[in-house]
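To begin, one chain is listed below as structure tokens, in the form predicted alone.
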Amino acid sequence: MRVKNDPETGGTKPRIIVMGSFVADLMGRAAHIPVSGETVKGNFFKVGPGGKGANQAVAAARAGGDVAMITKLGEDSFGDMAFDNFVNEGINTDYVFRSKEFSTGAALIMVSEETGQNSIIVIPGACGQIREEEVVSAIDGLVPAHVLVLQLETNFEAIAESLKAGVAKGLKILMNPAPAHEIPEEYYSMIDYLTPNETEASTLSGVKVVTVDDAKRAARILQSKGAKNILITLGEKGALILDHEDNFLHVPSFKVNTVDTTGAGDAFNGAFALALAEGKDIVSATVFASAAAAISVTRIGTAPAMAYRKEIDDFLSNNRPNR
């Protein structure tokens, strides 16, 4: 993997590999999200780059990382949009594969203008067909690196092979278990940082997570499965950490005017990966990532809403988490 120079410090940027999804986001906004059988007249529509993996790669790159993406696209206009977006964001595309058989994935996103909350249907398409040998060759070609970032939006065979290859290469493994899906227990011990939100923590632990105390119970269960550090994001309630030394830490959220929560978790995870790659401790990395996520929800969209490093640094200079 090439090493980028950081023009601000004169040194090299921390290197991050993201293996995950790209899907084209088809986003519509309306006064509220329709219930079953209801049709709602919308006020805004936009097509843009998305997918949890691609969003996290953009977030990490904008926050200051030298980022490489491993994914698969169709040979279609959405795939071309994805490739162009990676290039424009300065993301390494050496292992962005193209498929003649499968089309590029898509996400249908509905956003409520009343609350900023969203509902999403994801069709993985080509990125759900990444082959195990493609992942192995990619990680082998991209090391040395600091952090490997994974999600659950691609086929699990590729995820499992990425975990094995990442551990073999000595990478820190950050697993964002989204969308919520069971993980076979033999893989938990390979994960250095597991970062579910409330819904994902509930699915993985069997504990319905509503309060911080619920999150503590869920975190204990997840750590007992083998993951070293658990970080449960709790929206306005901040983030709950159970670190590898068995310490509970609660990091409050930042108060902002929310416009669109789509992609907030991806903003958090991409910035968190960057902070870890820079050597920040888990609390400092969480505060940094929370600031990036807070900035993202003040904007419409997913990848286009991700914060740049100067914005995050300025935000942290002028804001403190809620207490």
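Computed from a predicted structure; not experimentally measured. In this text, residue numbers run from 1 along the sequence as written.
What comes next is about the form predicted in complex with alpha-D-ribofuranose (RIB), which does not appear here.
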Three-residue site M19, D66 and I139 fully in contact with alpha-D-ribofuranose (RIB) in the predicted bound form at 4.5 Å by heavy atom = no
Per contact check vs alpha-D-ribofuranose (RIB) in the predicted bound form (non-hydrogen atom within 4.5 angstroms), the hit among 72 to 80, 158 to 166, 114 to 122, 243 to 251 is 114 to 122
query = Any chance E198 has a heavy atom within 4.5 Å of alpha-D-ribofuranose (RIB) in the predicted bound form?
reply = no
Heavy atoms within 4.5 Å of alpha-D-ribofuranose (RIB) in the predicted bound form: does T262 have any? yes
#### Entry: Contact label in the predicted bound form: V147 to alpha-D-ribofuranose (RIB), heavy atom within 4.5 Å
no
- Task: Check whether I109 has any heavy atom within 4.5 Å of a heavy atom of alpha-D-ribofuranose (RIB) in the predicted bound form, and answer yes or no.
- Result: yes
Contacts from 13 to 50 to alpha-D-ribofuranose (RIB) in the predicted bound form (any heavy atom within 4.5 Å), listed N to C, are V23, D25, G50
